[in-house]
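Below sits a lone chain in structure tokens, taken as the form predicted alone.
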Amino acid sequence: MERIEIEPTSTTPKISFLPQDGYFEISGKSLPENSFEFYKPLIDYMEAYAESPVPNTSLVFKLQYFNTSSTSHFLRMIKKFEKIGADGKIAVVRWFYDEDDEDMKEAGEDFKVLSKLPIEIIGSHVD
């Protein structure tokens, strides 16, 4: 699979999908006008990756802000990677949040409750 690198805009996050390394990162702000149009190809890509993943896969969120419509897409991404863990390979989610942003921390904790994958909630300085 080819890697996907999408530069951020004022309304869409930076996307770095490196399937050969098992590394998938979404960072920045996610408030696309049409979230389905933006995220559908990425979710389809993740689904294809989950069919033949490398032994260790990380899905990393480093978000400063996201809107409600992005939430369902993030959950779909996490669910696609649950298949990897169910197939005996390692898949983890790392949710980074700015230590001063309680809302973003709580969002990560909400995803953790909804997921069968281990989700690490990591307080740090998010750029």
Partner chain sequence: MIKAFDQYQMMRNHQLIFGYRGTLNNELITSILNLSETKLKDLKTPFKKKKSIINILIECLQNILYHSETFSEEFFSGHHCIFLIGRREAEFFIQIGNYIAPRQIPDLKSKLEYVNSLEKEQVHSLYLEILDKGEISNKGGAGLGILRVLKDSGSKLDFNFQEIEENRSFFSMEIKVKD
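This one's a predicted model, so the numbers in the text were calculated from it and none came from an experiment. Positions refer to the first chain, counted from 1.
The next section is about a form of this same protein that is not shown, the form predicted in complex with its partner chain.
- Taken together, Ser16, Asn56 and Lys83 are entirely out of contact with its partner chain in the predicted bound form: none brings a heavy atom within 4.5 Å.
- Residue contact check for Ala48: none of its heavy atoms lie within 4.5 Å of its partner chain in the predicted bound form.
- Contact check for Lys62: no non-hydrogen atom falls within 4.5 Å of its partner chain in the predicted bound form.
- Taking the partner from the other structure, its partner chain in the predicted bound form has no heavy atom within 4.5 Å of any heavy atom of Val92.
- Contact check for Ser52: no non-hydrogen atom falls within 4.5 Å of its partner chain in the predicted bound form.
- Using a 4.5 Å cut-off on any heavy atom, the residues of 13 to 40 that reach its partner chain in the predicted bound form are, in sequence order, Lys29, Leu31, Pro32, Glu33, Asn34, Phe36.
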